[in-house]
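The chain that follows stands alone, in the form predicted alone, written as structure tokens.
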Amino acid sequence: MTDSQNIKKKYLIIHGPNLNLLGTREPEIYGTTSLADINFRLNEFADKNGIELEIIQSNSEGAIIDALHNAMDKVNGIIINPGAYTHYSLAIFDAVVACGLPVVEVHLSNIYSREQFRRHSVIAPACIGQITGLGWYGYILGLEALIRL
């Protein structure tokens, strides 16, 4: 994507598996904020900062990979919450590398304070950074970082 004063920057937000259940799924871990509430807050942030967002949620690894591929040359950066794919999806890792865009990995809960299998991300090494444990606000912090790059 070419940088120009006249082109509004665009970012892709990818919500991975089971995030469609936010607000009701394990509220003691993920809180009571719904995915619709998070997306509303993200769009408010985008409006205030003069950026565009494309937001998707998928429970399918293939759809997430397709979204990463389709983002090439169309967005300035990506926020991804890969959900459980974080811990084993080398295919998503490869797609993050292949897209050639700055990607920030976000997790609502602190994955390092949870079960042992959740404490390792195979995707993080392909990302420019990771935000974990700050709830929905982690998405905002990730966008702020991408905007300032």
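Each residue number is its position in the shown sequence, starting from 1. Since we're looking at a predicted model, the values are computed, not measured.
Below: the form predicted together with a small molecule, not depicted.
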| query | finding |
| --- | --- |
| Listed range touching the small molecule, judged in the predicted bound form by heavy atoms within 4.5 Å, from 37 to 45, 52 to 60, 65 to 73, 84 to 92 | 84 to 92 |
| Any non-hydrogen atom of residue 103 within 4.5 angstroms of the small molecule in the predicted bound form | no |
| Touches the small molecule in the predicted bound form: residue 138 (any heavy atom, 4.5 Å) | no |
| Residue 109, heavy atom within 4.5 angstroms of the small molecule in the predicted bound form | yes |
| Close approach of residue 10 to the small molecule in the predicted bound form, 4.5 Å, heavy atom | no |
